[in-house]
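In structure tokens, the next block holds one chain alone, the form predicted alone.
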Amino acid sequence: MKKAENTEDIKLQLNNVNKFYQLGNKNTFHALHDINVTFRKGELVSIIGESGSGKSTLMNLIGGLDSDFEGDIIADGQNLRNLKDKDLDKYRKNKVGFVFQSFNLIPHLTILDNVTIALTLSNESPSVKQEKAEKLLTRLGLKEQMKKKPNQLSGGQKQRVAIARALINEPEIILADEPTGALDSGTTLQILEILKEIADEGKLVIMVTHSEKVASISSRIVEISDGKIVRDEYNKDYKKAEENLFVDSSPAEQIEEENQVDDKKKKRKTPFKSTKQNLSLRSALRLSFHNMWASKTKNLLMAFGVSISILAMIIMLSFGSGLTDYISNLADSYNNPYYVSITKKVERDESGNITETASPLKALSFKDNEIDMLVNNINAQLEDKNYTFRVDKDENLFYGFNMLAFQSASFSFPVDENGKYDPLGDTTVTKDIYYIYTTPPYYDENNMVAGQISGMNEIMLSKAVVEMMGFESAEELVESNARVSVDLKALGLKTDSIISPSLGLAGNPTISGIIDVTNLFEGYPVMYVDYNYLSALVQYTNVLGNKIDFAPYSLYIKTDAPKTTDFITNYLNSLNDYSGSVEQQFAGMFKEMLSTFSIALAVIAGISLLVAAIMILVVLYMSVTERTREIGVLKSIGARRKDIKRIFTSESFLIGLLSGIVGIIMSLVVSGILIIVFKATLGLAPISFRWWYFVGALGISILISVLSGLYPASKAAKLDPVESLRHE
């Protein structure tokens, strides 16, 4: 029996709708055949038929979940077949509410959050969401269950939550797919009564069911068989619900509300345009936080794994900068801003040996004519740039000597039976000297560990010799006035028994002090001598007939200002024939080594970050698979592709943020431990932080997480809603 047409009440109209499925063998399956049917507001329609008859397919088309069909589906004057994806999203968000047989509640959200999820996608304010949901849940008898999780409810309660979720956005069409299929008979009657009340309110309610008993309480029954409508009749015995839970205003108020709705409809440019906003970033982050908290163990472990990479990066950067700072500070501490240190550059082989055929002395030493030429060139540059300072060989030019003398020089001293220095000891101990310096003119008492700057018949030694000579401290060694015999093998002279009053030489030198040698050489015997004393020793040897071609290795220019020092230093560097002091040379060498070391550390850190990125990608990809049905639910209530992508991207952002914070905290803890260990074992802690390390580490952590999450987020956004809802 058909009801007379009333065009004002028509909510949905299907004209010649056909649906085809592509099969794997390139054939097609004709699922729906020329469906022509009209639905009106206030109807409770049951679509019945056997499994595979096309009921669910028809439901998916009506609900806008599937737009691949032929024919026309007209909803409020718009043909769904012609709508773009974003318009179908709006249609599902504003016009349609879904109630599923398996409830499809999101398990990690509370009942309240499950109901308000549609409002969250519309960026509704928290207060409005709370008010609407509480009001709706109270009417459905779920007021006391709002803070519970779905697994704490019975089947009937879950279905009422699903109904509340379908109603929260005040849609005009409710689509219920086997809404009582998973319920017992008593609960089934309760749910059907609720659906009847919703229809009596004026909404169109369409149920898909295979049960004739369920269909019998409907106002209209549409039967489908093999994709065709074989029956469409109204139930003459249909009775409205005895009590309507969803109408609580007076008739006058209802009429006023309906008029307001009609006025709003007239103002709309398109039937599916909504003034509601889309999912905001803030709402996406909040929803993502809930999702992450539901799998907090997995996400915390993933964040911990990524944080290890962040930890490694910060530690490596801090260690590299710490060593660089340490070497730079050492070089700066052994240089005076009022002195220019000059040494020759020579070619060396891989072992550090001079490659020239000339002897090291000739290759490295400055001849008088070379010094005159260099002084003249420097003064010409100073004059050209209007500097008042000039280099004067007699006033501000000093000479020095330094030699890499391992196994080319040694010192000897007598010891007692315990191996301690004793001027009367019967045993003589000989130790190699690692490096020989003449004392730079800018050294003073601040460079001393104990004692004083040496002069004639005196030498200074590094701290390494204190233990070698059996003393407990540097002070004890200096106070002993110990004398040692120095054998300068590279120069062919020894201090033993050298006495020359005319040259001021008085035999073996006394150790006048222990000098604070750069820690680069702290463990080795290093000797400092006065340049005039060394010159006198050479002269004495020459008197004996051993002609030594001795000349200074180093030149020192005392300037009038640090600015002048820098100018002269830069000029000499531009010549590419000279370098700075030995300390500066070693500092430069170590800086180059540290630069290479830092690059290696950066590569290692980069590899660890790449591994972390892959781990995030895999975990988020698996998360998409695990939450496929949840994605389908979100799409059924109007979530756009952009919304789905934003939710998953927000999760990857939060993972990166958490990983970065954990990594920074861990790096501070580990660095603190390393500093304690280094200071206890080495006496120094070559770890230096920069604030931008932490900012950069946090930024990199977020960046790699977000980039790693782009593909899973894109995959989630592209999932087909129908297939997603079927996913187990």
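Bear in mind that the values here come from a model prediction, so they are computed numbers and not experimental data. All residue numbers refer to positions in the sequence shown, first residue = 1.
Another form, the form predicted in complex with adenosine-5'-diphosphate (ADP), is not on view; read the next lines as being about it.
Look at 663-671, 28-36, 699-707, 678-686: in the predicted complex, residues with non-hydrogen atoms within 4.5 angstroms of adenosine-5'-diphosphate (ADP) sit in 28-36. Annotated contacts: 21, 54 and 57 all touch adenosine-5'-diphosphate (ADP) in the predicted complex [non-hydrogen atom within 4.5 angstroms]. Contact check for residue 70: every heavy atom lies farther than 4.5 Å from adenosine-5'-diphosphate (ADP) in the predicted complex.
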